[in-house]
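Next up: a single chain in structure tokens, the form predicted on its own.
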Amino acid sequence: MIVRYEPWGAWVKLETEPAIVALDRAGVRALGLDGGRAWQAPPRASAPIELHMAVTARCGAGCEGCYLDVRPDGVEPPREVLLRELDAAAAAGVLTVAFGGGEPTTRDDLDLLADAARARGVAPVVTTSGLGLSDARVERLRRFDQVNVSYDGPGDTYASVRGFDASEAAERAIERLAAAGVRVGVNVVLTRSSFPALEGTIARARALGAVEAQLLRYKPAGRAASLDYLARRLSPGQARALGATLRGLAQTHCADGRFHVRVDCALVAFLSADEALARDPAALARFGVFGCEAAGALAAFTVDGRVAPCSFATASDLPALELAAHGDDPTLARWRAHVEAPPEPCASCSLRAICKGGCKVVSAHLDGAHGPDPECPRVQDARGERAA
């Protein structure tokens, strides 16, 4: 068991399970543990528990909405550099590192990086497109706690999100990884065209051997930060239907406990339109659903070795090797400030503590500043508008 004490209690992770559990002080004491000095120190911004690390900027897929605009000839940091970054992450108390890129499987030493993370007490996970998944790459991926394959749906649905149809390659990757004994999930990007096909996408992924689906909001970053974003993002009606959609998916696919559906933090603002959830925000917390954790429980290391609030955000000037100073960096502090004192309509929203003001990447793109998520149904109602 790995324990990281916080002023309010502790984060606890079992080495045999992928989940991280937050326990208050009473819960920690029930385990026979005590926070000691950590519980006596003044509260301050702690380092992230989850870190997204870009281990390469190489990728030949050419997805139209790539959030980093990576290229086939992108840079690839030497392993020695990444090992020092893992040292910094472990020293700061990070519990999970998600390797990304670019396409991480282009690295021949990916398994060694996974082993290095594990040796430092950090659980390694990774995301891949699944394209070109050779036997050697499957073997390297066996070293990870979980592998997520980017899969937005079969055929035309996949192509509508990425600009080309590589759904069969992604499906083969899911099936091969599951057959190799790898815990495999899928990352599903939600756009106006992929949302209607979501039920079929989840059913197909589960039939292929996936045990989890992570639903991701289409965000205006990288190549997606263009006018085309307005046509691809979820429609207002789709955003308002997210809560009911999640309940339907849970009833159909999660009742037996063998499959899980997760949402990324950027989607939580849409749940303000769901009356049942708005009345009982504690239910979301009980199921581990939280909004924007950027610069808080979540951070990212860019391929050039800087700390970013999240994978989609512009990096700060803080070097990755100085992650322990995360709480003092002014750029990261500005991201947290909106969470601590949001303006209306966030201030009076029942989901405020869970949602944390929505996605700041979206608000920066559409409004030019950190602020209430302009695609949040509650924000649109307050402004008397409906986004196209």
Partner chain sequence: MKSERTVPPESIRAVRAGHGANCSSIGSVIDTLFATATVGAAVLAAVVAALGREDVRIAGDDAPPAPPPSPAELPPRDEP
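Positions refer to the first chain, counted from 1. Since we're looking at a predicted model, the values are computed, not measured.
Below: the form predicted in complex with its partner chain, not depicted.
State yes only if every one of 99, 120 and 261 has a non-hydrogen atom within 4.5 Å of its partner chain in the predicted bound form; otherwise state no.
The answer is yes: all three residues contact the partner (heavy atom, 4.5 Å cut-off).
Interface segment, criterion being heavy atoms within 4.5 Å of its partner chain in the predicted bound form, picked from 314-322, 91-99, 160-168, 191-199
Contact-bearing stretch, as computed: 91-99.
Can any non-hydrogen atom of residue 233 be found within 4.5 angstroms of its partner chain in the predicted bound form?
No - in the predicted bound form, heavy atoms of residue 233 and its partner chain never come within 4.5 Å of each other.
Using a 4.5 Å heavy atom cut-off, state whether residue 187 contacts its partner chain in the predicted bound form.
Answer yes; at least one heavy atom of residue 187 falls within 4.5 Å of its partner chain in the predicted bound form.
Decide whether residue 329 counts as a contact residue for its partner chain in the predicted bound form under a heavy atom distance cut-off of 4.5 Å.
Outside the cut-off, so no.
Would residue 243 show up as a contact with its partner chain in the predicted bound form if we use heavy atoms at 4.5 Å?
Yes, residue 243 sits close enough to its partner chain in the predicted bound form that at least one of its heavy atoms falls within 4.5 Å.
Considering non-hydrogen atoms and a 4.5 Å limit, which listed residue (238, 106, 146, 302) is close to its partner chain in the predicted bound form?
Checking each option against its partner chain in the predicted bound form, the one that comes within 4.5 Å is 146.
Just to be sure I understand the contacts: of 308, 133, 284, 174, which is the one whose heavy atoms reach within 4.5 angstroms of its partner chain in the predicted bound form?
Of the listed residues, the single hit is 284.
Within 54-84, the residues that have a heavy atom no more than 4.5 Å from its partner chain in the predicted bound form:
If the 4.5 Å heavy-atom criterion is applied to its partner chain in the predicted bound form, 54-84 yields 67, 79, 80, 83.
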